[in-house]
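Next up is one chain by itself, shown in structure tokens, the form predicted alone.
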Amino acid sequence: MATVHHSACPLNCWDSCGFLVTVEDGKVTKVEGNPEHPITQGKICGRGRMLENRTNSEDRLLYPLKKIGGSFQRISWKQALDEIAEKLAFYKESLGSTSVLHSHDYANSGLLSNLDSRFFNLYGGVTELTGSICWGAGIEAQNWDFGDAYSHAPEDLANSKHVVIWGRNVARTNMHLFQNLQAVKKNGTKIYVIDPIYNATAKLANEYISIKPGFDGLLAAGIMKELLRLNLQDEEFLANYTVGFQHLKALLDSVTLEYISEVTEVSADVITHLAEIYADRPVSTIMGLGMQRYENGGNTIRLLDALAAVSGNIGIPGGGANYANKQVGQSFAYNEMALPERKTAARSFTMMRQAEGILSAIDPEIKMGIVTCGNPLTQVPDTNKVKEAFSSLETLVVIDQYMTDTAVLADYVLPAATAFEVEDVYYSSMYHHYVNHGPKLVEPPGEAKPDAWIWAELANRLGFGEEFNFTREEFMKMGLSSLAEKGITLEKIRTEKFAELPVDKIPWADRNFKTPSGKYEFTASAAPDGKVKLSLPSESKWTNPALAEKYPYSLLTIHPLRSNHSQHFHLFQPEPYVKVEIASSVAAEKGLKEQDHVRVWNDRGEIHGKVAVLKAAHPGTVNIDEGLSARFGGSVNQLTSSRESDNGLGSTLYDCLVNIEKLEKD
């Protein structure tokens, strides 16, 4: 008999949808949207629907595996855990606990996914990863400017006179924001899209502005120049609630509008027009994550923040520099769960340069790696270097649901349960501020186990099992303890299916910022040299003309439509392939047409694929979706750089020049 249950999407995505999941004979048979959810209202994307296949696929990992003589063999959980614990104890005793690397990402937004930190802190502290491949440069930028990264609540968009979608295709990545845009446009709000690619969101817009990839910050500087020339700035906000504006003004005075127009490839008339739009408050700026994936990424977001501040669109209904909403995650009692005070040693590499860290680490060397919630062989920049680094480890353990590119390299692979096989609560720090309940609906197949069980078993073997002697329910209550005084409890979330978290729906409305000065900081006191800069991408004809001569095209690596990074591609029918999307200018210059086989390359690597000509894209633009594994043609990260952003905490995935040529056959 089929039964329908409420549930929630576990994917670390903008929308964090509410689900209705059908279960029949102990098996998930359908995943649909829950119409009762206050934000997602019954509509879900293809990534969410794919979770049915992800749960039921015959390719699921079912048993612990150990590599013996170059091939994987099934072993018992007892053997796997005994041997892994023995190695952890050995490396800690002989070299110190930081000889172990915990490589992780943020594939899952469940509250109990934080228990890996609890384990490694109690173990003594390992080499951890800082920053983020995805959004790190922008988070740090907003930390410098505002003191934190907060966004307006979804319903506040109805107060906006203008909405600028800057470097973000919400039709692909945030479908409920797209619906919200459709609704406010009907009520008279004007929509503008600034992006190198004329995408589905641009089709909705009243105006589309094409820009050269990586030059968004300079465009924001040009708009500010025009605001000041036309005397359209918010003098009251600048005088009373900011510091460092004179430094910014001097920076803007150091460059001409003609130069900005030439470099950004946006006309001066359009820049003036955008200044007039920003002065016609309230304007909501909704930023994407791609434009900060350049070496100048931190300064890019800081310049967009500055534009919102200069134009008076901070702390007002319908305004905002909307990039992330970290106040959502700050609602939970992370420290009670993770116990950071218990670690006695610490070392870190940035997530982007973990490969270089592994290969160069001394005192101690990295001998063992444990990978959770991630697939670095596909997702981390400079794939060839990553493969070299993870292959060099004496012991590699991967906890996953499938045999990923990273798992193929492992010595031990441990099968993990999916979201429908455990109870948890889910949320997103990017769009809305609701926490969703996800009950356990089915049993894991084979011998797959929840991550929390794995950490508890290892903790028992290493002598701190009492710190994991909690039920899953007790751990969830621990994480929710900070919300109890607000009336948000596990029982309430279980009963009501979701709960609204206590957040400021219009951040900074009281003009009290979390910076050291308490004001918006154009010159950041939290940084050694906190002045905003007019920096450019490191790979461009303006910064490296010789490289641009050799590799004349800008490569973007945007998120795929139906897969959350690399998680779903292996479930696609027909099988996926490397699609090389190119601007019509590239097609004309190289004599390429639809479905031509091509080679795309630079000094870091190469990849082969088939051409798709973009209907409208900025001249010289190429895109290859990220997340594809080696079995389907290889990760686009064979081409990307592991350099860090200007503030050290973001990736430079998009700061990438390539060349392209037709292949007679592939």
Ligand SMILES: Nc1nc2c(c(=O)[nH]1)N[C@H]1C(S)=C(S)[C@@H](COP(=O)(O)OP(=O)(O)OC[C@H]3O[C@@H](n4cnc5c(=O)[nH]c(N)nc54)[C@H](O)[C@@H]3O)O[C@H]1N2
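Small disclaimer: the values here were computed from a predicted structure and weren't measured. For every residue, the number given is its place in the sequence shown, counted from 1.
What comes next is about the form predicted in complex with the named molecule, which is not displayed.
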query	finding
The named molecule in the predicted bound form: contacting segment from 289-297, 511-519, 137-145, 236-244, heavy atom within 4.5 Å	289-297
Pro196, Ile399 and Asn564 all contacting the named molecule in the predicted bound form, non-hydrogen atom within 4.5 Å	yes
Exercise: Gly167 in contact with the named molecule in the predicted bound form, heavy atom 4.5 Å	yes
Non-hydrogen atom contact Leu653 with the named molecule in the predicted bound form at 4.5 angstroms	yes
Interface membership of Ala416, the named molecule in the predicted bound form, 4.5 Å heavy atom rule	yes
Contact flag, His559 vs the named molecule in the predicted bound form, heavy atom cut 4.5 Å	yes
Candidate from Asn322, Asn313, Thr98, Gln379 lying within 4.5 Å of the named molecule in the predicted bound form - any heavy atom	Gln379
Contact residue in the predicted bound form, from Leu252, Ile366, Met430, Val580 (heavy atom within 4.5 Å of the named molecule)	Met430
Residues in 624-644 close to the named molecule in the predicted bound form, defined by a heavy atom within 4.5 Å, in order	Glu626, Val636, Asn637, Thr640
